[in-house]
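Form predicted on its own, single chain, as structure tokens, below.
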Amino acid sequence: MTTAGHSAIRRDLREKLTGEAMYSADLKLPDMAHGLILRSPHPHADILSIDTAEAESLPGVHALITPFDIPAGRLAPDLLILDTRARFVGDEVAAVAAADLDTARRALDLIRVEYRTLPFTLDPSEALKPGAIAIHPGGNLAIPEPLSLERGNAQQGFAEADLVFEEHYSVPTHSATPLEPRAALASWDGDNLTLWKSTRGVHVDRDAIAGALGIPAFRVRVVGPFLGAGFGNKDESRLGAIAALLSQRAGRPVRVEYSRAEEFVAGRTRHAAEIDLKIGVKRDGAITAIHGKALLNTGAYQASVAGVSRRLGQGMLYLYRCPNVKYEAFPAYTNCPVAGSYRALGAPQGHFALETLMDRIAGDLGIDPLEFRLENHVPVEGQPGQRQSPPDQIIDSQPLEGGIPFSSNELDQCLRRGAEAFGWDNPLPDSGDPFLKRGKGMAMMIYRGGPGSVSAAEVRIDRSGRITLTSGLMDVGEGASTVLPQVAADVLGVSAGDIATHFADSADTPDAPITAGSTATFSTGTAVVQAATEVRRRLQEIASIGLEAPVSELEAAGGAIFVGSDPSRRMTIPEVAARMDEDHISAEATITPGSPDCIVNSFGAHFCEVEVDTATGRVRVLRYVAAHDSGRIINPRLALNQAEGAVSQMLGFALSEELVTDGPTGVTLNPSYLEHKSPTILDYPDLQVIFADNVDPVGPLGAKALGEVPSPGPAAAIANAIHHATGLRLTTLPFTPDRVLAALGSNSAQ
């Protein structure tokens, strides 16, 4: 029997391996038209007029929309379906639907747009200066006020320090590079819209699109097909609303799919950031103060900038025991492509700065980096200070205040077990080549542990014994549709294979948040536990009559309900279900996840060995150990996939990936896999993943978050290993050969 703690095979594995899986771009409907989007060639311009007459007269063109003839509803506070101002090269200007893609392309070429170009800026620091042209009404700060958070008194903490260390860090924009470009298929039946689309949340998309179109939400159905890699950045765009309007005008289904270049340019990227970090310490290594300041480039629209701004600073605020911390963030609108959610949004940028400066501090104090972190990491009792939250309030999983313990914290175990597996105390072998320098580095991380928005799940069993788990959650590739049935099965005492699932259809699943923030297993899993527990209780009540035993003496396991003191007295689940008076028993649980008593966070510690070729500047990661505290691991194989995937993905962030916008024109210069240098399997190191021995007392069946938790570690660990190998402290990502060679040359010239 496969339940929690065992590696149930992914439910979608067969379809994906055989090619049967249907992604948004694979879906077809009879008489379907194909949509394309006309995009701005200017980084900033007012659209004065659009002449569509020639395009509309082209045979095979079924519909055409412009910002002058569609509803004025908003998908987000700063995002219309189409706008009369273009804010980056690639911004949506108009859209067409035609019988085939060739006709649609010809129609786009025939649309005549009159632009009035405007001054533009790609630099967030310039955008925030007085007198800069406003990219949106009200100015270029992308949140109402600059973010400023403080615990204790940072100024006093620096006054108490023996030494103060400061550094500036630069992180560029880079793309999530999902294999699947986003796509949407829209179809109307009278006044009712059905939309199949790349999505992280069908209910959130339903509400946003209904609001923008000015129709009731009950008239919009959003279905999430298979998703070809989410990575947090799908969707936050206009795609669904454009497809819906084209379909409405055309009187037939319309599918719109981004090209690969469009996905790079008009998808959502990781925020570029300029980070200033200052840390005060005593000579014995005790940390007295931390002050971080981040300037973020959110591009033309907000998307997830508020969440990114906050999460970037969480490591600075909470990873190290420190009574005096301050974090400030200034996200700016620019005329760059839009940045949004991307795996561990903000945390990789912030941890890169924090963990490299902490490594420098340890080195200057003559303390081993591992010992420095063992001595200074935040303990299970949390940060010093007094609780500010009301006693009955669920604690934020990104806290600022002190005086609150963690539900569990095995960071110490991660550090020790990871170091042992890596052989931290062992000398590295000599490469045998005078140009090849080897070094080792490490980093640790903290991340929200899973509590998120209100979550719901329904568990149902019918008289035949068929069990169905229903959730509005979208499986974005991380395996929620496999793990959540395992949770339900564990509670009900059946095999995970005995549970059918129905996910991600806004028409008939409970309202669900977007799959984001590593919340799926914890938040929806908690609702699954509650619903399954209620169904088990009702089944036990029925079984107690047939078994002639009180409910308190009954247990559920092995697909049966039995008397705990005499397991031979048992009834199978189908036998119990056959005795139901109703056609079915169901229970729906809607919960606000988290705890009023403690912080739920996940932790990790990473170790790596690198080889730096001082002749070419190339950095190779040879070995990598990732140790994680994510509570009880529900599905070990999927958990391993998550950790390995995160580390492999973030190798690009550290070593090669950068989306380049041309300064004079605002044009994205490298919107392709050929030029946006993502790592391949040939670049992946020998990777070992370790999970701490921990059962979290708050999480469902003891689980905590994992999906994004490894992402903040690789860049800092690799940077620290490069320093160990070469003596270079690199502060600008990625560590491309040209940057390494330039640093080596500068270092030798000193």
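In this text, all values refer to a predicted model and were calculated from it rather than measured experimentally. Note that residue numbering begins at 1 and tracks the sequence as displayed.
The form predicted in complex with a further copy of the same chain exists for this protein as well; it is not shown, and the discussion that follows is about that form.
Asks: If you check Ala72, Ile133, Ala507, Leu179 against a further copy of the same chain in the predicted complex, which one has a heavy atom within 4.5 Å?
Replies: Answer to the contact question: Ala507.
Asks: With a further copy of the same chain left out of view, which of Glu150, Asp511, Glu274, Glu553 would have a heavy atom within 4.5 Å of it in the predicted complex?
Replies: Only one option qualifies, and that one is Asp511.
Asks: Considering only heavy atoms, tell me if Cys598 and a further copy of the same chain come within 4.5 Å of each other in the predicted complex.
Replies: Contact check for Cys598: no, nothing within 4.5 Å of a further copy of the same chain in the predicted complex.
Asks: Do Phe165 and a further copy of the same chain share at least one heavy atom pair within 4.5 Å in the predicted complex?
Replies: Result no; Phe165 lies far from a further copy of the same chain in the predicted complex.
Asks: According to a 4.5 angstroms non-hydrogen atom cut-off, is Ser464 in contact with a further copy of the same chain in the predicted complex?
Replies: Yes, Ser464 is a contact residue.
Asks: Taking heavy atoms and a 4.5 Å cut-off, does Phe435 contact a further copy of the same chain in the predicted complex?
Replies: Heavy-atom contact with a further copy of the same chain at 4.5 Å: absent for Phe435.
Asks: Each of Arg14, Asn192 and Arg221 having a non-hydrogen atom within 4.5 Å of a further copy of the same chain in the predicted complex: is that the case here?
Replies: The answer is yes; Arg14, Asn192 and Arg221 each reach a further copy of the same chain.
Asks: Mind telling me which stretch in 632-640, 233-241, 580-588, 373-381 gets its heavy atoms within 4.5 Å of a further copy of the same chain in the predicted complex?
Replies: Within 4.5 Å of the partner lies stretch 580-588.
Asks: If we check a further copy of the same chain in the predicted complex, which of the residues in 18-42 reach within 4.5 angstroms of it by a non-hydrogen atom?
Replies: Heavy-atom contacts to a further copy of the same chain in the predicted complex: Glu20, Pro30.
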